[in-house]
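Only one chain is shown below, in structure tokens, and it's the form predicted on its own.
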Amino acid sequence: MTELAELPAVPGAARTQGRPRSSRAHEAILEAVLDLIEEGTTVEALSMEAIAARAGVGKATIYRRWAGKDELLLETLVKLKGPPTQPVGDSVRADLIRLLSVVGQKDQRAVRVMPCLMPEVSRSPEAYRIWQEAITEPRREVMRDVLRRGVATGELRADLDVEVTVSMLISPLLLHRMVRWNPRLDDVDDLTEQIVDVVLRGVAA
């Protein structure tokens, strides 16, 4: 297999169109990790050798970018899910609806990869830690910031339990969209708004 090598720049050489080889190698490595997980490779069994072989690069190319497998997996999951949605700041209600509206959205690559990863998250402390750091905690922190702002502006009660409120907001949507716990809600177009409004009635100032 031909390695996507990083060749040294030639002084005075014209820049070719397209992404640099280093960028192509970087993307090939991330795609290789996703391919292997999608095919059923566990987090523990995922090796730098297998990743390098799938990506068509040498292990040295991987280690020039990431100190180890954990760092590579973190970036791969961030690439898969993308950065957290950010609030606009109009109101607590509007921001919560904006943040929750993306829960369970059907990106096709994520749809294929996440079901392969979730059993690992349940079974493996290593996979669970990476999943928390790469996906869930950054999104929780954005929601915490919205709730804290609501307390500061007087929209929400001063004794608000931020952690419980975050769970009350996101858990019903995750449960419904991941396992369809209540199929009667499938056709409720404004489910996100209804959940936000029910919770806000209990936590408003």
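Note that residue numbering follows the sequence shown and begins at 1. Since we're looking at a predicted model, the values are computed, not measured.
Keep in mind that the form predicted in complex with a further copy of the same chain is not shown, yet the notes after this line are about it.
Handout entry: Contact flag, Val179 vs a further copy of the same chain in the predicted bound form, heavy atom cut 4.5 Å
Key = Answer yes; at least one heavy atom of Val179 falls within 4.5 Å of a further copy of the same chain in the predicted bound form.
Problem - Non-hydrogen atom contact Ile170 with a further copy of the same chain in the predicted bound form at 4.5 angstroms - result: Yes, Ile170 sits close enough to a further copy of the same chain in the predicted bound form that at least one of its heavy atoms falls within 4.5 Å.
Practice task
May I ask you to check whether Ser91 falls inside a 4.5 Å heavy atom distance of a further copy of the same chain in the predicted bound form?
Solution key: Result no; Ser91 lies far from a further copy of the same chain in the predicted bound form.
Problem - is_contact(Gln86, a further copy of the same chain) in the predicted bound form, heavy atom dist at most 4.5 Å - result: The answer is no: Gln86 has no heavy atom within 4.5 Å of a further copy of the same chain.
Handout entry: Ala45, Ala152, Ala50, Ala60 - the one with a heavy atom within 4.5 Å of a further copy of the same chain in the predicted bound form
Key = Exactly one listed residue reaches within 4.5 Å, namely Ala45.
Practice task
Consider the chain as shown here, without its partner, and state which of Asp35, Glu27, Asp145, Glu137 has a heavy atom within 4.5 Å of a further copy of the same chain in the predicted bound form.
Solution key: Partner contact (heavy atom, 4.5 Å) among the options: Glu137.
Handout entry: a further copy of the same chain in the predicted bound form - contacting residues of 122-138, heavy atom within 4.5 Å
Key = Those in contact are Ser122, Arg123, Tyr128, Trp131, Gln132, Thr136, Glu137.
Handout entry: Sense of the change in Cα distance from Ser171 to Val113 in the predicted bound form - at least 3 Å versus the shown form
Key = It is closer: in the predicted bound form, the C-alpha atoms of Ser171 and Val113 lie at least 3 Å nearer than they do here.
Practice task
Answer with closer or farther for the CA-CA spacing of Pro138 and Ser47 in the predicted bound form compared to the shown form; it moves by 3 Å or more.
Solution key: More distant in the predicted bound form, by 3 Å or more.
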